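A single chain, nothing else alongside it, follows as structure tokens in the form predicted alone.
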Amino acid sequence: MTSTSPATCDLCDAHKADDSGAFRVLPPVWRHFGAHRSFHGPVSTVKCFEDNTAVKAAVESAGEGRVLVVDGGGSLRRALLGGNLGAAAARNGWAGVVIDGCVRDVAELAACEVGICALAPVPLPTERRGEGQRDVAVRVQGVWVRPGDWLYADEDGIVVSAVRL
């Protein structure tokens, strides 16, 4: 689901008067790390903090064109996704991964045929403590994202909608 993604600017033009909360724009803090710079799909979520156990379980499962949104609490201390997990996301059919936190293995991620957005790179891995939650409502950079929402990402930003656009 990468080549036919609607442009986020066009989506914002069409929904700029939407004050219902169904259409949301994430703050402009994201960097692209994967090979796909434009991607979209239905949302699946992980909520975790400096422990990527749930992220690993998610990307190792069938992605089915979904976008994994990870609420990592905005931590800049530990990477929640690296080259191996990026490759797993691509291999298992995830359209993208958006991480409110960090990644590592930047050169490896750039070769992964999947969209990957995160705040920054950091070389330190997480400690796996078996913590984290899957498919719960998460707050990413102050914006609520729920399982089943649709996420659209490109070079201009990331938008989320309660329905497919």
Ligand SMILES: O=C([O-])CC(=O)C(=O)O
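Residues carry their position along the shown sequence, with the first being 1. For clarity, every value in this text was computed on a predicted model and none was experimentally measured.
There is another form of the same protein, the form predicted in complex with the ligand; it is not shown, and what comes next is about it.
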{"query": "Close approach of residue 47 to the ligand in the predicted complex, 4.5 Å, heavy atom", "finding": "no"}
{"query": "Partner proximity in the predicted complex: residue 104 to the ligand, non-hydrogen atom cutoff 4.5 Å", "finding": "yes"}
{"query": "The ligand contact at residue 74 in the predicted complex, heavy atom, 4.5 Å", "finding": "no"}
{"query": "Heavy atom of residue 89 within 4.5 Å of the ligand in the predicted complex", "finding": "no"}
{"query": "Location of the ligand contact in the predicted complex, chosen stretch of 135-143, 104-112, 62-70, 36-44 [non-hydrogen atom, 4.5 Å]", "finding": "104-112"}
{"query": "Residues of 68-83 having any heavy atom within 4.5 Å of the ligand in the predicted complex, listed in sequence order", "finding": "81, 82, 83"}
